[in-house]
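Presented below, as structure tokens, is a lone chain in the form predicted on its own.
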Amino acid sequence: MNDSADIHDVVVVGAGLAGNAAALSAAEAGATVCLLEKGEAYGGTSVKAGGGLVFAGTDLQREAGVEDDDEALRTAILAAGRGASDPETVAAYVDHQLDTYTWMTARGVEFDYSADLQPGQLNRLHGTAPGSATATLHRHNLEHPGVTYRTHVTTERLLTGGSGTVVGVTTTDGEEVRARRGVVLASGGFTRSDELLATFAPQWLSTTRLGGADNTGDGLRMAWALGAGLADMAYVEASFGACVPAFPDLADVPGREPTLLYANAQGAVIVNREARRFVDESLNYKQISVSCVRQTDGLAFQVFDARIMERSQPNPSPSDYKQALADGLLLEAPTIAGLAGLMGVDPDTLETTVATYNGHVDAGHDPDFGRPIVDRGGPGAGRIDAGPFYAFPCRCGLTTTYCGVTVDRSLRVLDVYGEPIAGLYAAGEVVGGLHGATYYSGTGLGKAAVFGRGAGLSVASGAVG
């Protein structure tokens, strides 16, 4: 052993939501923890994400009159994965999700909840202000005597002992940071790595990159080098709904991170440059992205009216239409024809598209794309006919990679034969197997917190299954 090595009970790689949850959970369980961050500040993708976290059976749901439980959640996640999710990884989420919610709220994380956020669907999304959950847990880590936090540390390799057990990490500066009980990889995905995208998802190389600036797949490579199994690599998909900040110029604006907006969830129609619908707008943003990227310039517009605007809410941020308007991301006009002019599309075609859709609403059936026509019983329902009218120019953005290493129910990393790699745990975006073939909205941030807490407890206790 290197006598000058930095030694702790637990080493956590990455200080996003997953890493902060893992570090704090392990420290509260009595372990000394070294939390390592590659960048100059904590947060990664989690401080940029504006959605919410999926929980079931919470007090907020009960107060809203919503009945939900673990088994219903398990069924929903597995169904969203279309048979490709790993049941044990899903079980790890279900095992820890409600305890994680209770633990987070007890530490000051504030959630809000709307029973009709997703009309016609049971809502499990518990909203938070962007970055607030990570900031709250990070503050607790800074205050905890058992946690050492370091920035500007790029991990390069996993250290192993004579038996192959992971006993720490090495950094690009040649330093060894040792762990008596184990290492938790919470390093995020690889949205910023052209090399890994070219290997696993070349179709998204030209997509707008979102998420953590340092998400280059370091943890994935480190575990892969020890023979870690991989899951969901074939299902990497971008997210529909990334703004075009300088529309009609399609170029990104330097220094401005694109944001996401989902007015389609409240009844907006989605049209292309030809002013025609091309997809069932009720699909999730991963599924819509596959259709959007095939449209002219990969561009789409979410078109909606004043009633839908009134359903704007600050959390989750993709539902904050009023802020998008204030930020100059929406086009606004008193008529559909006027809106078409701002969009640069044919006004007659757009008027026909909206009128046709309104007819489908009146008939209660969408024969064109099969979008469910739901009676929401309130503002924003049904027809798009109440001016002023709005359009949100958008395209696909690669927010996260939703795939990664295989884990067991204790969040131990498994090798290609399904055997645990001793001393190695993982949490958050670097974990594969939860999402499967598609994505249950809210489980991205959800698995950061839920798997972070689960991995922290497991490594602190030396869990073996």
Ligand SMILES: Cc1cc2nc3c(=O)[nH]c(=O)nc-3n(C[C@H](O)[C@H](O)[C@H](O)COP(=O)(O)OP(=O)(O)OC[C@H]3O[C@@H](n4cnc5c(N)ncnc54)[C@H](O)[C@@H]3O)c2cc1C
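Predicted model only: the values in this text are computed from it and were never measured. The first residue of the shown sequence is 1; numbering continues from there.
Omitted here: the form predicted in complex with this ligand. The next part is about that form.
Though this ligand is absent from this view, in the predicted complex it lies within 4.5 Å of a heavy atom of just one residue from A300, V90, I288, M222, which is M222. Although the partner is absent from the chain shown here, S187, D214 and L260 each have a heavy atom within 4.5 Å of this ligand in the predicted complex. At the 4.5 Å threshold, heavy atoms of K38 reach this ligand in the predicted complex. G456 falls outside the set of residues with a heavy atom inside 4.5 Å of this ligand in the predicted complex. Contact check for G52: a heavy atom falls within 4.5 Å of this ligand in the predicted complex. In the predicted complex, this ligand lies farther than 4.5 Å from every heavy atom of R412.
Residues placing heavy atoms within 4.5 Å of this ligand in the predicted complex fall in a single listed stretch, namely 394-402, out of 23-31, 60-68, 414-422, 394-402. The partner is not shown here, but in the predicted complex the stretch 420-441 reaches within 4.5 angstroms of this ligand through a heavy atom at A427, G428, E429, Y439.
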